[in-house]
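Form predicted alone, single chain, as structure tokens, below.
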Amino acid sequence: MQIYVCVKHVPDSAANITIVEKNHIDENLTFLLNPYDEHAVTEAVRIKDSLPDAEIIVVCLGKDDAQKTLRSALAMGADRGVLIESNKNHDSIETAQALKTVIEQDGNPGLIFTGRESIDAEGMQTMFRIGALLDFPVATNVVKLDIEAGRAVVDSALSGGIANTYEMSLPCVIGAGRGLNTPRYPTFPDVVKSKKKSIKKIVFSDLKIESLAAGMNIVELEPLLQEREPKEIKGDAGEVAKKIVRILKEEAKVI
């Protein structure tokens, strides 16, 4: 079985993001493997452990620097990588088209993983677009996965601790959620071995993707400003507790 994992090269969430030219960020900061994609790679490796003939191929659309993210995935246990090289910021429509085209050209997918979302765009669309293009069933925010007799049985988490269980035919697309596993972080020997694994480069324009009727552009980025005004809650313990409950219900709306 060929298992494809679609990964993204994203800014470190701990970095200070600076907006330039209204709709771009200053990229002089640390980029890394999208955290949700770590769960996707880890699950692909788990499946391969039970299917010795399986091959894990990680695919990424991004600039040349995105090779670092592919190397991270290779160190986690993937077998080889494919970089679709482009200096443009692509929306989920073009991204899905590119990933689908490369996967079809490269081999015969038995299973495709993505992360539930990327921590930069948070669009949560790419896995559904890949599934639609390939006519594969899709499940996202998957927190449990079993492969049984050529079918995938998954638990897809909803809010409030609820999960729906789906049975899907293979091949299918799985959007990995945080509850799926604990990411397998590489050891130093894993990192050394990953440097010998191959990364194939494909220029985005060479894919000859037809001009698409639909598309999305980032018009403007704005920093998130949170203004908070502390308020003292007075009274005895019982009064304070009642006031906190009221605030949580009526103002914060979390209970």
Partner chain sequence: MMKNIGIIIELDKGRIKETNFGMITLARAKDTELFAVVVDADAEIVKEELESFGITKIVEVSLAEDQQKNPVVRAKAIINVIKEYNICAVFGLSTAMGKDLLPRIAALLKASLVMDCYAVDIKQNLVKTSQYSGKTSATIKAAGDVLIFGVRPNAIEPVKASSLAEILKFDGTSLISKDLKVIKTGDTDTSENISLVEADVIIAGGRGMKNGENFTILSKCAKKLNGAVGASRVAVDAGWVPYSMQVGQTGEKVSPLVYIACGISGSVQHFAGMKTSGMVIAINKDENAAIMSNCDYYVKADALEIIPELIKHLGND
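Since the structure is predicted, the reported quantities are computational estimates derived from the model, not experimental observations. Numbering follows the first chain given and starts at 1.
As for the form predicted in complex with its partner chain, it is not shown, yet the points below apply to it.
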Discussion item. Is Asp135 near its partner chain? Define near as a heavy atom within 4.5 Å, in the model of the complex.
Written reply: yes
Fill in: 4.5 Å heavy atom contact, Arg228 and its partner chain in the model of the complex
yes
Practice prompt. With heavy atoms only and a cut-off of 4.5 Å, decide whether Gly179 touches its partner chain in the model of the complex.
Written response: yes
Item to complete: Report yes if any heavy atom of Arg80 sits within 4.5 Å of a heavy atom of its partner chain in the model of the complex; otherwise report no.
Response: no
Response to the item:
The one residue among Leu145, Ile84, Met124, Ile103 placing a heavy atom within 4.5 Å of its partner chain in the model of the complex is Met124
Worksheet item: So which stretch, 199-207, 49-57, 34-42, 62-70, is the one near its partner chain in the model of the complex (non-hydrogen atoms, 4.5 Å)?
Response: 34-42
Worksheet item: Taking its partner chain in the model of the complex, which residues of 45-76 have any heavy atom within 4.5 Å of it?
Response: none
